[in-house]
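In the block that follows, a single chain appears as structure tokens, in the form predicted alone.
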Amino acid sequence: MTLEQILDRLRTDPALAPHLTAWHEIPARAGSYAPLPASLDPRLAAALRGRGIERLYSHQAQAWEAVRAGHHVVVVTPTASGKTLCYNLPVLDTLLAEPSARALYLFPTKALSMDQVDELLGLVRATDAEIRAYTYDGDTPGDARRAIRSAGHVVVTNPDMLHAAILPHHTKWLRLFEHLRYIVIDELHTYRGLFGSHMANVVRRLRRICRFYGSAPQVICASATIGNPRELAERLLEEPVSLVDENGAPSGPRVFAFYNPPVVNRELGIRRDALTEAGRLAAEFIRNRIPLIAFARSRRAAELLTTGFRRAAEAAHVPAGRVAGYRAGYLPSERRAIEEGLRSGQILAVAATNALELGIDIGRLRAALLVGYPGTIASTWQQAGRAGRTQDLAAAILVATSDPLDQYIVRHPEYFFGRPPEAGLVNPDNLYVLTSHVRCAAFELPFDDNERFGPSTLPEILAYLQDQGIVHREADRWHYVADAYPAQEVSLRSASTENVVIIDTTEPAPRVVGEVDLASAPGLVHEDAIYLHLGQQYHVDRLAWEERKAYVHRVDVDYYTTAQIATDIRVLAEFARGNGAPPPAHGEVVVTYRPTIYKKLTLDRHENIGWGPIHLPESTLHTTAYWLTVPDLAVPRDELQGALVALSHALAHVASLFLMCDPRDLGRAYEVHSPHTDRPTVYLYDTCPGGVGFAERLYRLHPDVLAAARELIAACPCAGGCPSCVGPVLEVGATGKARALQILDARLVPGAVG
């Protein structure tokens, strides 16, 4: 069957059609064009024509003019709209005229860096010019690094390498910084939350070093659709930015459908498993050789999908090598082989995490399956846009899980299709983040007394670092005096810079098969866990926590494992308290995590077939939280606890709609009797150290969040609670749903927040 026939069957099949909650058709769109700029270097114009590019899209021409006028620029257009030329043209045009000039390209992932270098070099070769572009990342050999520092016209890297390997050694990069004309920051929308807050400080350090060497580079940003592109770019650069957001690229027709799996237990509100339903849909695409990408919300889910893909491929007589998984934790050689297979068309179907969400060229995919709502409107469109990079018909299908956020979206498709993408939030002045980058900046260059680095709190931070023996003030300058190399201790993407290496001992010669970050290790590679990698199961024999190594061997079993982590919370300081009785508040908290048990779940039906204890140390997180106290209820303690579980479940998922954050960026906890408030209390907290502003924003949005939570619960057809609203009835109790509604009704009164 063709894609058109598959979609027609989806709409008409009695077993599938009733579960479609949205069918959104996007017609083909004609392009808007402009002639090649008259000021463009003739060699570059000839190279473009040699590639069949006789004219530019209108947004490419607009970006050219803005850059030529000397502005910092942010270009915001959809996937596959030619954003790459928006920065490659002005950069290459300048390098052709000024061979001594330099450019620095920043991409959030190594895979994207490699892909973009190939694109850039293809254009360079067509000009027959001596322009050298190199990737500089953790896989770059030592000899090549020396050549790049001295001869690279365009250095392509990622924020992590810039932070830890380039800025601290800027004296080795003299030629780059003295002649740096352009900084390109691609995939701007990824720099939000904790990662974005770190990135803003890396940019502060980068521009500080540029000033030291006498350069003032222009910055060109490119982004997928986001609600506040200019604001986010200006927050990162701390300077005015010109916005280019009128897309001139043509596009083919698209269909975007929402599919809500059928209810299999109406009393408990349990729906058919989303992974199972996605596997059934994917099998249809695989059987008919329709190139497909499926996005899963977690590494484990991506591996389970990969297993399902392989079974579907075997049934359809498709070679096993034509389906693959893709996620963080794979070895670099494995990831690159999969990327090349997608580009060449050798790989027909891939199950991935959001690691493939970004703009890497992954071939002519026709369909995208999103297994679970990605967490934001922007990410959803980005993942859907990975299919349909040609003018042919493309399709995206969101398969909802029982998660409350998923259910809210599929029951309110107008929310998704009728609203603009969310705004990206960063807080570069977060004290935890800022202080770590002041340390790094002091290592790179001494601070002057009158120097600015972010907010006006720099003198206090330097004084604190002096008390810690990290910097020393002499005359009017602050010098770094500690022995430690500070950038190595600061991870841009998580609370820890450490990973746990996974070692396969099946064969006589042990080999590394992957790695997981330290925060995820207790849930993924505890002893007796089943770790999934490239569709293969591994039993964890031993987790050497202090050594950061997990020793595993290959197994073939019909189950996987999932861990449970107990959470405790304590208020350290209250920053603000609203009006109302009782009032909401936000402040500083410490959260303690303690791994407890793991469950064994069958691969096909995800049924619980056993459990075991986890023996690992607890960990703590200092962060910020928003909390809601509950009016006194004359109910037994177990009913009150069920009500708090129900309320926290609904609030945590709905709250992420009001923030541009993944639901996992927010933690939740409750106390039947809080030592701080002296009442039953529900907490929502930032899951990154120090917080990035989510808690304060939720405090300000308090009435809206409560109203949305009430609507979610009231609209759910279940009798006493289910995963789609307040959580399973077995967790919240028979009265949990009703009590949660009672609490929300009591709180939704005028003047609830001041």
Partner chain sequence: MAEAFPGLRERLAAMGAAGRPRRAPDDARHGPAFEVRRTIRPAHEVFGPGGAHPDDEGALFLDTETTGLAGGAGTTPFLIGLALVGRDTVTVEQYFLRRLAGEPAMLAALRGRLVAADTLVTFNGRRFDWPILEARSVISRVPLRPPPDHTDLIGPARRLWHRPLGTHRLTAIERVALGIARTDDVDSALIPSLYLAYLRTGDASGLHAVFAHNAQDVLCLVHLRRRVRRWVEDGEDPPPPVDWEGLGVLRQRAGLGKAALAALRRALANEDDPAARWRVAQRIARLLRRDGRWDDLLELWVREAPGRGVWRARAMVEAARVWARRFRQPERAVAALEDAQAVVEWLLATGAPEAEALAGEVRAHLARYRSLLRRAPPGQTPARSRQPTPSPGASGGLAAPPGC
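Positions refer to the first chain, counted from 1. So that the term is clear: the rigid core is the largest set of C-alpha atoms that superpose within 1.5 Å between two forms. Fair warning: this is a prediction, and the values are worked out from it, not measured in the lab.
Beyond what is shown, the protein has a form predicted in complex with its partner chain; the following relates to that form.
In the predicted complex, its partner chain sits within 4.5 Å of a heavy atom of I461. Shown alone here, E334 lies farther than 4.5 Å from its partner chain in the predicted complex, counting heavy atoms only.
For the chain shown alone, V512 is not a contact residue for its partner chain in the predicted complex, no non-hydrogen atom being within 4.5 angstroms.
At least one heavy atom of Q468 is located within 4.5 Å of its partner chain in the predicted complex. With its partner chain left out of view, the stretch that reaches within 4.5 Å of it through heavy atoms in the predicted complex is, among 286-294, 70-78, 395-403, 435-443, 435-443.
Note on the partner interface in the predicted complex: the residue among Y593, F212, Y415, Y559 having a heavy atom within 4.5 angstroms of its partner chain is F212.
Scanning R343, R311, H179, H472 against its partner chain in the predicted complex with a 4.5 Å heavy atom cut-off leaves one residue, H472. Residue H622 is the sole member of 616-630 found to place a heavy atom within 4.5 Å of its partner chain in the predicted complex. Superposed on the core, the two forms differ at S619: its CA moves 2 Å or more between the shown form and the other one. Core-superposed comparison between the shown form and the other one: the Cα of A147 travels less than 2 Å. The rigid-core alignment places the CA of A126 less than 2 Å apart between the shown form and the other one.
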